[in-house]
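First, one chain by itself: the form predicted alone, in structure tokens.
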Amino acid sequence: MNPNDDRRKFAVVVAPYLADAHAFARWLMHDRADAEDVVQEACIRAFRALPRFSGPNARAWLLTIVRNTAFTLLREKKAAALVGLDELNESDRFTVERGNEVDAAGSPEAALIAAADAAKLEASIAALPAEFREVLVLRDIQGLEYREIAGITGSPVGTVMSRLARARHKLIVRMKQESC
């Protein structure tokens, strides 16, 4: 393949999923800078592996590379656990999550309550054990199918389903406890 063909294939196979890759990396890493490093390294790895890519699901392929790259970086940093919180303050996080939408009630109080609820949910997700958080983020935030998640994590589909059910249960229990 010549370099122009490689660039075109990268634009078709990898580029459409860079936002998903970055979002997933941010859930896996401790901070935004590390997530950006992971995505950059994953893009380099994906570019080098393009000649070998022939699968039908480029998104799952790229997210697998992101996951493996993140775990490699975490091992290198000797991190004890994956952290899901990013560096945004609550108001910035609310703006990003809502996409600058105005709350239906339109009041600052309603916006503050929604931001607090979003922050509690994010903190609850971040508190989940890594194996549960990973499948929850891939399924409920990234919208992947069970078999895609199984391919990314290297786990059987049944294990993915079980972890997802347990993650959701733990999340519900924690949110109920925090609301009391």
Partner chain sequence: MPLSDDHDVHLIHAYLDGELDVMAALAVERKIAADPDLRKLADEIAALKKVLAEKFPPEPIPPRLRSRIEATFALETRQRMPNWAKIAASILVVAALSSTLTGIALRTTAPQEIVVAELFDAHLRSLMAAQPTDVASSDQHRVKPWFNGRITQSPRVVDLAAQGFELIGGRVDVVGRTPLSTLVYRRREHVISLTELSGRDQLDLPFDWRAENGFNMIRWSDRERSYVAISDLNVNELETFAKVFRGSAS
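Residue numbers count along the first chain shown, from 1. Keep in mind that what you see is a predicted model, and the values were worked out from it rather than measured.
The next section is about a form of this same protein that is not shown, the form predicted together with its partner chain.
A residue is said to contact a partner when one of its heavy atoms sits within 4.5 Å of a partner heavy atom; Leu63 fails this definition for its partner chain in the model of the complex, lying far away. In the model of the complex, its partner chain lies within 4.5 Å of some heavy atom of Ala118. In the model of the complex, its partner chain sits beyond 4.5 Å of every heavy atom of Pro156.
Put simply, Glu122 is close to its partner chain in the model of the complex: some heavy atom of it is within 4.5 Å.
When you look in the model of the complex, the only residue of Leu138, Val39, Ile152, Leu28 with a non-hydrogen atom within 4.5 Å of its partner chain is Val39.
Along 136 to 175, these residues reach a heavy atom to within 4.5 Å of its partner chain in the model of the complex: Leu136, Arg139, Asp140, Ile141, Glu145, Tyr146, Met161, Ser162, Leu164, Ala165, Arg166, Arg168, His169, Leu171, Ile172, Met175.
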